[in-house]
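Consider the single chain below, provided in structure tokens and representing the form predicted alone.
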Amino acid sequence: MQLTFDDDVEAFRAEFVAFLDANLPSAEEADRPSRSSADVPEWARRWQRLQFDAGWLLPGNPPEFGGRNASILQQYVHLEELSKRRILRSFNPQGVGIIAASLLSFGTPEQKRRWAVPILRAEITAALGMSEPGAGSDLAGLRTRATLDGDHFVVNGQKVWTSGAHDADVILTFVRTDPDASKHKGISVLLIPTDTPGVTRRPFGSIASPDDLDFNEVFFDNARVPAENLVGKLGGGWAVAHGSLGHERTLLWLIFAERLADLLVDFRPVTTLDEDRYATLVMDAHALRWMGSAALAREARGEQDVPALSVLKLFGSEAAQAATEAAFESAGAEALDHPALTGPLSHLSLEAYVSGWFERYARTFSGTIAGGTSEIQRTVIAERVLGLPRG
């Protein structure tokens, strides 16, 4: 199967390719890499602002928010061209893809001006404060409290796994504002600047390395946050959460398709068993492209099927994990070399994507967790796709 596009979509692609050819930062300009998912070096900030101003940062947005009102098919070819060149559109992916998008959907005009546009233009960076100890994938189980006191909320509690928080300027934070309401209805969302007194951020290493500092614990100790920083309605945090994840999931399968495409080049099978597992990788890569393209075509016709996105996310994340494990095992003892490179390095992407095989494999577990765990995806598929009764 081959996905083809009308002339207007191919013209859109050609215009974007010309923009990339004329404006991509050189390796010499990229004088330092990003240190976390909210650390955007100055050269990368300039590159992101250029994309925003030209309407190429998020083409589906209106021009005032870094886009050009692009169709879903135009957004697809935009991401496809970035993927071909191993280019990140932003080194603050959650800030651009989830937080700013949530503000554009649920924020006030002032919040869009004060927070969303600066995030999109890389003037500030943002982190997402959802997970807590004991409430990782269970957002309804969060216990961080926010009590309204005059024109401020007083926030107390803890977040964990907060990517890039130590480098972020603001955290989109999910808090419990009504402890007497049902678990899903007592949640609200606050924008909390990280320099607020009472906010403490503690980065910690990952499974890849103790020096890989992206994850954070974030503590709130009587942190006073202006009531005007409430995003959406009081008690309306569940809707914002689903909107946030919806922004993340629409074309999320493309990330896994890109990882599989990289593995097709980087995985070098040695034994007959390796060759069999490589053949599985080839079939999975084609299957994900086929299913994703079919979903894309449906959406282009206005036939939205949100639960079916769980199928793509589940299959893509687990296929990428299985293929990376196969490449890791095939490499033998050399797979444990760290640091190491197992693919071509691009200054416009992250070294983690082409690092040693152990690190590449270890990082695949985030794909089966972030954006909704595999267990949650299976539940969604069972109940909303297959129509099975709730257990």
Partner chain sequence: MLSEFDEDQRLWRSTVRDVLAKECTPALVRGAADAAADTGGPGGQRGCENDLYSHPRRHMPLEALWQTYTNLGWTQLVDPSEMVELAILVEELGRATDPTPFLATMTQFVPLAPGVAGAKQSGAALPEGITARRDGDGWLLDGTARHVLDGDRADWLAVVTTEGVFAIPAAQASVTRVPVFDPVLHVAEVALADVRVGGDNLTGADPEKARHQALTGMATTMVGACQRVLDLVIEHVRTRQQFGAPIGSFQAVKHKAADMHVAIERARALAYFAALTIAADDPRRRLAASMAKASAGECQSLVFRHGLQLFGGMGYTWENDLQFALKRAKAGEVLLGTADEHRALIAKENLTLAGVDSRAAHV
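Being a predicted model, the structure only gives us computed values, none of them experimental. Positions refer to the first chain, counted from 1. Rigid core here is just the name for the largest C-alpha set that superposes within 1.5 Å across the two forms.
Only in words, not in the display: the form predicted together with the partner chain, which the text now covers.
In the predicted complex, the partner chain lies within 4.5 Å of some heavy atom of Ile381. A residue is said to contact a partner when one of its heavy atoms sits within 4.5 Å of a partner heavy atom; Asp284 meets this definition for the partner chain in the predicted complex. Remark: Trp290 counts among the residues lining the partner chain in the predicted complex, judged by a heavy atom distance of 4.5 Å or less. Heavy atoms of Arg268 reach within 4.5 Å of the partner chain in the predicted complex, making it an interface residue. The listed set Glu123, Glu275, Asp221, Asp178 contains one residue whose heavy atoms approach the partner chain in the predicted complex to within 4.5 Å, identified as Glu275. Only one of Ile207, Ala227, Ala239, Ala261 lies close to the partner chain in the predicted complex, with a heavy atom inside 4.5 Å, and it is Ala261. The stretch in contact with the partner chain in the predicted complex, judged by heavy atoms within 4.5 Å, is 308-316, chosen from 191-199, 229-237, 208-216, 308-316. The candidate spot formed by Arg143, Ala362 and Ile369 lies out of contact with the partner chain in the predicted complex, as no residue has a heavy atom within 4.5 Å of it. For the partner-free chain shown, Glu375, Arg378, Thr379, Ile381, Ala382, Glu383, Val385, Leu386, Gly387, Leu388, Pro389, Arg390 of 356-390 come within 4.5 angstroms of the partner chain in the predicted complex, judged by any non-hydrogen atom.
Core-superposed comparison between this form and the one not shown: the CA of Ala223 stays below a 2 Å shift. Comparing the forms between this form and the one not shown, the C-alpha position of Gly97 differs by less than 2 angstroms, with the core used for superposition. The Cα shift for Ser293 between this form and the one not shown, taken after rigid core superposition, is 2 angstroms or larger.
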